[in-house]
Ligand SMILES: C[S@@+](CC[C@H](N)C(=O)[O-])C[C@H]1O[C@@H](n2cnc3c(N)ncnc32)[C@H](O)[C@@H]1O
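One chain follows as structure tokens, the form predicted alone.
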């Protein structure tokens, strides 16, 4: 009988160790790409899936281990704590856990895709439908500049907080958030006070937005919990502050140089960006057939002073009555998105669309097939795809297609 050899031993030398839990086929595909295309120095600095290279621990592995998730989630439920501990290297690091938004990207995968696209420090990447700005956070961690565009003011707030928190003054954050009762008293109003959203001369507004996002997060918890908002707010705010401080320790110890981010409240259908300036795009069209983002975010949007249903009129995938009309409008809007992406990206740059399959909601229409057609119509060349399973019994979508295109215009 021939001796058994695990697939990882066949793919990589014994002194190249993968991070624990890297066992999905799509992850091994991406790890193999990193191994074959990044030099040893870049593997250590940039890799998403390697634990060590010839005995040297990678920056991603070290940064994740310098963040004490037990401390951060000591007051969280067992389910929440288990989720983030299990996702220590994939979803629970840096500032990704601040307001864990529904339908968000898988951060570790985004890091690997940035490597696959050969995006380097000083380049600019774009997500025109950015949600909670996962791409911007991941790009910034690699020293890459980013632009996140979203039509939702709530998503833009999340993006500002998550990217700003990567490189802030911890002492100033402590000073502003130490009097939690006073902050709660100011925030506990029918609508957000101007104090938390107007620009300040001393540059304190972004720090107050950290507290504002924690309040909105606690608001969501209170809806799903028997605990009141005044009890939950200090718990959530402490988790935010501890998360940010933990990452600051890791950033300083590992000398992680953070890229710049621009968060723009705008429509992907008409981007206020110059022609031919973007080096790469990673995005995902809203999973509107599975998630109604406006209904999901209604309390937060109303608190921020916005009318959810006016916003809904301009959001991709939330128009139309029957499934046929919804799909027609959905694809018409995505056609405009591709037209804009063709305009703002550089020739031969890569654009990645991540789209979930949801045959039940779309009555058998394959979104990934139609998206390929729309991209090719706007002169994007389809290169290849990667299939990624979606875990969890509650998910209506069982897999995502990672579609890689090249601007051939």
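Residue numbers count along the first chain shown, from 1. Given the structure is predicted, the values throughout are model-derived calculations rather than measurements.
There is another form of the same protein, the form predicted in complex with the named molecule; it is not shown, and what comes next is about it.
Student: To verify the annotation, which of these, 115, 242, 267, 177, has a non-hydrogen atom within 4.5 Å of the named molecule in the model of the complex?
Tutor: The residue in contact is 267.
Student: Would you check whether the named molecule, in the model of the complex, lies within 4.5 angstroms of a non-hydrogen atom from each of 145, 163 and 259?
Tutor: No, because 145, 163 and 259 lack any heavy atom that approaches the named molecule to within 4.5 Å in the model of the complex.
Student: So which stretch, 207-215, 117-125, 188-196, 151-159, is the one near the named molecule in the model of the complex (non-hydrogen atoms, 4.5 Å)?
Tutor: That would be 151-159.
Student: Does the named molecule get within 4.5 angstroms of any non-hydrogen atom of residue 93 in the model of the complex?
Tutor: Judged by the heavy-atom cut-off of 4.5 Å, residue 93 is well away from the named molecule in the model of the complex.
Student: I'd like to check something about residue 133: if you look in the model of the complex, is any of its heavy atoms closer than or equal to 4.5 Å to a heavy atom of the named molecule?
Tutor: Residue 133: contacts the named molecule in the model of the complex.
Student: Is there a heavy atom of residue 129 no more than 4.5 Å from a heavy atom of the named molecule in the model of the complex?
Tutor: Residue 129: yes, in contact with the named molecule in the model of the complex.
Student: In the model of the complex, is there a heavy atom of the named molecule that lies within 4.5 Å of any heavy atom of residue 314, even though the partner is absent here?
Tutor: Yes, residue 314 lies within 4.5 Å of the named molecule in the model of the complex.
Student: Scan 323-343 and note down the residues that get a heavy atom within 4.5 Å of the named molecule in the model of the complex; none is a fine answer too.
Tutor: Counting only heavy atoms within 4.5 Å of the named molecule in the model of the complex, no residue of 323-343 makes contact.
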